[in-house]
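Take a look at this single chain in structure tokens; it is the form predicted on its own.
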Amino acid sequence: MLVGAFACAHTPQLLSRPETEDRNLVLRVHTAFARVKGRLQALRPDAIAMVAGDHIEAFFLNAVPALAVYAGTECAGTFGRYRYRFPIHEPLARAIVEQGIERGFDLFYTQDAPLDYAFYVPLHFTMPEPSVPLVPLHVNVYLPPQPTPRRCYEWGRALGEILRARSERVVLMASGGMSHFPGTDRYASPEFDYDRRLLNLLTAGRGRELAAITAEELDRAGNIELRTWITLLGAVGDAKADVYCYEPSWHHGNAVVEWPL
């Protein structure tokens, strides 16, 4: 069953915090992360299904899947001085692959691809104690051609059906966003107003409207990572969001959100 849903920023500076970052802003996001951790402990999930992108750590010249599932027994990666490893809830992962394919989604699966920091940064702060097995769900957010927002929403809707039919208690978490323009001359000018309008839609329970956003609009607003959120929105339907925080740094809109289910 699907017992909870969250979206968390994975901004690397939230973990490494160079001198360019506002310490108080970072700590406020940490406080929101701690609130998610508390909620996860209260929800007692058997698994966390986490939707995130990849910063060319796992997929590039060898293969670039639109949608992928980590379906081995464990997953691991590195980020700076951090080395991380998580057990995978293998029965759930394999069920998602098999039933996703039955629903018309040509899912890629891997047992040994490196796990990107987009998964690790939120989990560093929010993983409950004792830790919970993971099912990493990859969405291609960076390398064109990416899946359309509508396709992400449809995949999320199918994913929600699969998770609700399971006996395990599952929390769905999206990692990414909000507005930022890495590697461009717009890096110091995120679209904060666009972010706030989107958050207002989500608090009103109008998340399905994001399925109609074009890829071009997401790109113009620095929100290509929002595909992970849109996937989650397909699963939660018209649930209204509870925005724990929105912290606009000089280069990134950092949001932490829950959809109480």
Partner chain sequence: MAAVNALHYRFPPGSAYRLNRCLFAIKSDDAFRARFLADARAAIDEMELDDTDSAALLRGDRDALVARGAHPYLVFMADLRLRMEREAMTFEDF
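Bear in mind that the values here come from a model prediction, so they are computed numbers and not experimental data. Numbering follows the first chain given and starts at 1.
This protein has a second form, the form predicted together with the partner chain, left out of what is shown; the following refers to that one.
Asker: Does residue 130 reach the partner chain in the model of the complex, with heavy atoms at most 4.5 Å apart?
Answerer: Close contact is absent here: in the model of the complex, residue 130 is far from the partner chain, nothing within 4.5 Å, heavy atoms only.
Asker: Is there a heavy atom of residue 211 no more than 4.5 Å from a heavy atom of the partner chain in the model of the complex?
Answerer: Residue 211: no, not in contact with the partner chain in the model of the complex.
Asker: Does residue 26 make contact with the partner chain in the model of the complex, using a 4.5 Å heavy atom cut-off?
Answerer: Because a heavy atom of residue 26 falls inside 4.5 Å of the partner chain in the model of the complex, the answer is yes.
Asker: Residue 197: heavy atom within 4.5 Å of the partner chain in the model of the complex?
Answerer: The answer is no: residue 197 has no heavy atom within 4.5 Å of the partner chain.
Asker: Quick one: which of 159-167, 131-139, 72-80, 101-109 gets within 4.5 Å of the partner chain in the model of the complex, going by heavy atoms?
Answerer: In the other structure, the partner sits against 72-80.
Asker: Out of 206-226, which residues reach within 4.5 Å of the partner chain in the model of the complex, heavy atoms considered?
Answerer: Residues within 4.5 Å: 216, 219, 220, 224.
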